[in-house]
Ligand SMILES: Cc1cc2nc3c(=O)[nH]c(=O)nc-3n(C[C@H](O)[C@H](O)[C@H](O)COP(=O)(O)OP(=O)(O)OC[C@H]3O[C@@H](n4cnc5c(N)ncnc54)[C@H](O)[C@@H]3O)c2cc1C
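Given next, in structure tokens, is a single chain: the form predicted alone.
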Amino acid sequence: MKILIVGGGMGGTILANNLARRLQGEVKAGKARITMLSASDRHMYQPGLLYVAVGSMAPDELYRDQRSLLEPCINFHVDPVTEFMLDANQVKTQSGRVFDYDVLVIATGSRMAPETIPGLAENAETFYTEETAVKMLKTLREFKGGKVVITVGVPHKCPMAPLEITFMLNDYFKDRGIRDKVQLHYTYPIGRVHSLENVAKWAAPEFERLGITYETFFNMKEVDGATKTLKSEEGSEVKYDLLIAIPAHRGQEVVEKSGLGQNGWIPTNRTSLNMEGRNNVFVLGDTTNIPISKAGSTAHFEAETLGDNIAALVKLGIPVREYDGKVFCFIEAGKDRATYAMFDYNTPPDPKAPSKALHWFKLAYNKLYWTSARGLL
């Protein structure tokens, strides 16, 4: 059986390693072949970009060689897919090669799309790429005071990022001794400060305690860079001296161009993780249209489910389990404090009081990530 994994991020890497260990005998006997196609020879620890943006992590700490994270029996190619030909069970790559498959897993991730809001890309700082995170740090270093607006579009990668960057900015300006010269103002598209109700109930009092103002029902419409004004679809306007944006995200361009899903999100069965209408195509991580958090832990737990099921398809001819919507997200809550949100399809999150212990556990996970990517944690 030819298993083809498109995408070398968290989900694709964990899945490939999981399958390589589960199907070790079948691979040796020539009954199974695992191939990964990636757009890069480097693997980035994406949650670290938040820390780069405030100067607490260097960019080179974010990367490992992708090949070094994979089991030796995995056929790895830096050759991004340019076309999905699902009816023929094939994909075409940038080099012009065509790869056949019996089972396809699409784990291409997502990308921020600030260009969908006029003026946003030109006037706001973001932290979802190395380049923009470094630029944001340089801007923060030069900032002397004024109104900092943190504005949020949906959907976006990492559900806790808007809250985390707000708390981290509060600390950043305190450490620089200018917090009293900075007004932090946060906007969110729906009627509370976070999409998860219990997280919002926890976060709003934290904002109030720290003197962070917020406006809900604020959907970005455009940014006027000349007057430094952010305008909403609802008709309100907010002035800023520094604009920090969590832009809405889309799926990767190749998914959009192949017509696999609206805005690059592939219609996916929420328990089997099959692409709707395709028994031998699975979708993993950010690429799905499942209405749950686009987070590394989502990809991790989905990859574990798919690892069990694809291995069972090879060995037994049937899947053996269902994905239950499990997600676990740390939340940086201020200086040396963190909490977490854990939830699934049936159980909502219930964040506890932040603590130093959870903060140190979060920092430890920044190092343990590489063990997790290898599928060993």
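Note that residue numbering begins at 1 and tracks the sequence as displayed. Everything numeric here is computed off the predicted structure, so don't read it as measured data.
There is also a form predicted in complex with the ligand; it is not shown, and the following applies to it.
A.B. asks: Does any part of G264 reach within 4.5 Å of the ligand in the predicted complex? Heavy atoms only, please.
C.D. replies: No, no contact at 4.5 Å.
A.B. asks: Is P189 one of the residues lying within 4.5 Å of the ligand in the predicted complex, judged by heavy atom distances?
C.D. replies: Residue-level check for P189: no, no contact with the ligand.
A.B. asks: Could you tell me if F167 has a non-hydrogen atom within 4.5 Å of the ligand in the predicted complex?
C.D. replies: Residue-level check for F167: no, no contact with the ligand.
A.B. asks: Contact between L137 and the ligand in the predicted complex at 4.5 Å, heavy atoms?
C.D. replies: L137: no, not in contact with the ligand in the predicted complex.
A.B. asks: Using heavy atoms only and a 4.5 Å cut-off, determine which of H185, K294, R250, R278 is in contact with the ligand in the predicted complex.
C.D. replies: Checked against the cut-off, the match is K294.
A.B. asks: Could you work out which of V27, L49, A311, L69 is the residue within 4.5 angstroms of the ligand in the predicted complex, going by heavy atoms?
C.D. replies: Contact check passes for L49.
A.B. asks: Pick from 177 to 185, 79 to 87, 96 to 104, 192 to 200: which stretch has non-hydrogen atoms within 4.5 Å of the ligand in the predicted complex?
C.D. replies: Of the stretches listed, the one contacting the partner is 79 to 87.
A.B. asks: Could you list the residues in 339 to 356 that come within 4.5 Å of the ligand in the predicted complex, counting only heavy atoms and keeping sequence order?
C.D. replies: The stretch does not touch the partner at all.
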